[in-house]
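Next comes just one chain, in structure tokens: the form predicted on its own.
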Amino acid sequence: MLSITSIKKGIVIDHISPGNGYEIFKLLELDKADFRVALIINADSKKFGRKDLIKIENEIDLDLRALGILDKNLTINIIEDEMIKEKIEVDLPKMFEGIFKCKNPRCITSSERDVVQKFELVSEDKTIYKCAYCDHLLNMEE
């Protein structure tokens, strides 16, 4: 029997499209976490039929709204005392930082450790972002 308990304090990433949960899990490097994390794949959903979800019993210092780049249907629930304190609907962000890395080996973010990765949206139709430091393009559809 599968039993996933509620969390006292942390984050629940809910309504992830089936199949995207593992990609988000890897992107957030939750496989390296030293706190409780649950990845649930193909859970029943009243809204979509099936969904993936991730429960994280900890705080993460990342702009989780940027996950809207990968899945615009997901919601982020901030949990305190086993209750939803805040529910965040995601959208395609105009800017984000700290999740994706610039693939340009000459970019300052590749050599300087303390520089935070920042990207700006340049094409909403094609989901293309531009590195704020070197203008290298990041196509999220590839």
Partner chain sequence: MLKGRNLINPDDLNVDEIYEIIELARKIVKSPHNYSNVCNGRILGTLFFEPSTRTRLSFEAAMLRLGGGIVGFSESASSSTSKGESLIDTIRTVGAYSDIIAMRHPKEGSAQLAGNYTSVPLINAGDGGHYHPTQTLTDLLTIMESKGTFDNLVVGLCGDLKFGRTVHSLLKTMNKFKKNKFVLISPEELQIPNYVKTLAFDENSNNYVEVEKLEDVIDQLDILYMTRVQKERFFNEADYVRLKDSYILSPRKMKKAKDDMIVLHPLPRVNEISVEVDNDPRAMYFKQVKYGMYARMALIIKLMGVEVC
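All figures in this text were calculated on a predicted structure; none of them were measured in a lab. Numbering follows the first chain given and starts at 1.
Same protein, other form: the form predicted together with the partner chain, not shown, and the subject of what follows.
Colleague: Does the partner chain get within 4.5 angstroms of any non-hydrogen atom of Ala132 in the predicted bound form?
Modeller: Answer yes; at least one heavy atom of Ala132 falls within 4.5 Å of the partner chain in the predicted bound form.
Colleague: Going by a heavy atom distance of 4.5 Å, is Pro105 a contact of the partner chain in the predicted bound form?
Modeller: Output for Pro105 is yes: heavy atoms within 4.5 Å of the partner chain.
Colleague: How about Asp44: is it within 4.5 Å of the partner chain in the predicted bound form, going by heavy atoms?
Modeller: Residue-level check for Asp44: no, no contact with the partner chain.
Colleague: State yes or no: in the predicted bound form, is some non-hydrogen atom of Glu59 no more than 4.5 angstroms from a non-hydrogen atom of the partner chain?
Modeller: Outside the cut-off, so no.
Colleague: So if I measure heavy atom distances to the partner chain in the predicted bound form, which of the stretches 36-44, 113-121, 77-85, 92-100 falls within 4.5 Å?
Modeller: Of the options, only 113-121 has residues within 4.5 Å of the partner.
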